[in-house]
Every structure is written in structure tokens, then in C-alpha cells.
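Before any questions on binding or motion, here is one chain by itself as C-alpha cells, the form predicted on its own.
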């Protein structure tokens, strides 16, 4: 008993390391059941008529990209496959390099053109104040695009977008914290009755349940939600006419990688739970023996 309770904690770290490395090396992956929150995220986009305009806000940075960028990529695939046009904005300064890379790699593969099928307006400082400005007048907030400084009224897509989110059917955010989905709900959902979707980091996900499904139509929470959504998008991607197979292959690779991560995470959590239970059993047995 004493030997068990005095076990060097480094053996626990070693056990976790062996488990993670072994599962990673084996490449074990498994499909995940899809939650209703993720299913609603997917179905809301599916229900949009072809040609609809949505606003996609990148509210994350490199620290949260591991959780949010896979969902961002899958969302672009989904929107471009469906022929949904995108007004791309950001409230975090580090996000635009990610957004440009993703759109430039994915959108042309579906035959989509910049200015007509998506526009890149870029980062706007001011946090929730910037969100309020976007809602009041997108033209005043973004007189030119962030790609090459083109006047916003020269972009064909923007001819269908007015003030107060006029012409925008849906607002999506990839939210890592402040500002993010909670601020968008206050500044857009509450003021303009916008339909909204969100992908969030795992730590922010519990905050969303209070807003679902009235102010938030669906959401993808953390890497788990990202994996579930990747499965849905990847399974339907084969129905699209795609001009370049490489982005689709990358999407399938990201889905497979996330599925592997979820298997590793599951077994890591099970080991931790088992050790907690074992530790408590040994502790109380030790107390009983002393008594």
C-alpha cells in the first residue's frame, strides 16, 4: 500500500507519454458522433439559398489557431461549395494572414473569384466598438478592401450589402475570446436580429449554451466541434464540382488528423480518470488501515 501511495509521479508522466506517442504512431482514428449544435451549424449553412451573402469574422490568433483554423477552413469549403458569397472581416490583428491564406487556397478551387464571390476587408481595431461600427455602416468602417486598397464600391459583391447588415443573411465568427461571439451577439444579434453561428475555443464554449438556439443558431466547440464539422463537410464535398483537388485533399487530411487527435484525447482523459479513481481508493484504504 505504501509503495503505491509513494509512487514517483514521473512514472505517471511516462505512462501518459507512452500512451500518447503510441496512439499517435499507430495512427488510430475513428469517426465521432455529431452533436446537435454542430449539426445545426452545418444545416444553417446548407439552408442558405445559393448566392446568399454572409459575413465571416476571424476573431482569433495563432495561440488558438489549432482549435479554430480547421473549422475556418471547413467553413470556407462549405460556403464555396454551396455558392455562398462571403464578406471577410477580422477583429483580431493577427487573423488576416490566416484568412487570406485560406481563401486563396480554397475559393479558386471551386471556381470562385475575388470581388465577386468573396471580399477581404481585413482587421478593424476597436473590439466591440468596431463591431458596432461595422453594423452601422460597413462602407464608413471599410472604405477600401484590405487586399489591394480597392474602393469598396468597386467590388461587385459589395453592391448588394448596405448599412445595418442589409443584404447579409448570416454572421459567422471564429471566436477565441474577447472580442468574439459574445460581443457579436450584443452588437449584431441583439441590435439587428442577425442569425449567427460560431466556432469557439473549448474554454469559451460553455458560455454559448445560454444563447442557443435563439440568438445562436449553432456552434462548433473546440477541437471536438471542429472534428465533427469536418466530418460533415468532408462527407458532402464529393458532390461539388472542384477545379483543383489539392484543397479538398488537404481538407480530408485535416479531418483525419483531427479524428486522430480526438482518439488520443479520449484515451488520455480515461487514463487521468483511472488514476484519480485509483488514487482515491488507495487514500481511503490507507486511512481505514491506520484507523
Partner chain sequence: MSSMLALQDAATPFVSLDPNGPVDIIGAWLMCFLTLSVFSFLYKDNPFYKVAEHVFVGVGTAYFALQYYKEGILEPVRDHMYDIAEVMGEPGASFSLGGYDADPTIAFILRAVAAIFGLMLLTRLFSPNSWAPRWPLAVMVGVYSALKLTGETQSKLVLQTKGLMKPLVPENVGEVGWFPDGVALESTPLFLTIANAIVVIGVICALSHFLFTWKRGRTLGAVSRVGIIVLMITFGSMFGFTVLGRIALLIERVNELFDLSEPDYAFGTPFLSPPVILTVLIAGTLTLFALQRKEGTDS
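Positions refer to the first chain, counted from 1. Remember, it's a predicted structure, so these values are computed and weren't measured experimentally. Rigid core (definition): largest C-alpha set, two forms, superposition within 1.5 Å.
The discussion below concerns the form predicted in complex with its partner chain, not included here.
For its partner chain in the predicted complex, the listed stretch (154-162, 167-175, 137-145, 76-84) containing residues with heavy atoms inside 4.5 Å is 137-145. In the predicted complex, at least one heavy atom of residue 215 sits within 4.5 Å of a heavy atom of its partner chain. Residue contact with its partner chain in the predicted complex: residue 224 places a heavy atom within 4.5 Å of it.
Among heavy atoms of residue 114, none comes within 4.5 Å of its partner chain in the predicted complex. Although the partner is absent here, residue 244 lies within 4.5 Å of its partner chain in the predicted complex, judged by heavy atoms.
Contacts to its partner chain in the predicted complex (heavy atom within 4.5 Å) from stretch 183-198: 185, 186, 187, 190, 191. Relative to the superposed core, residue 39 undergoes a C-alpha shift smaller than 2 Å between the shown form and the other one.
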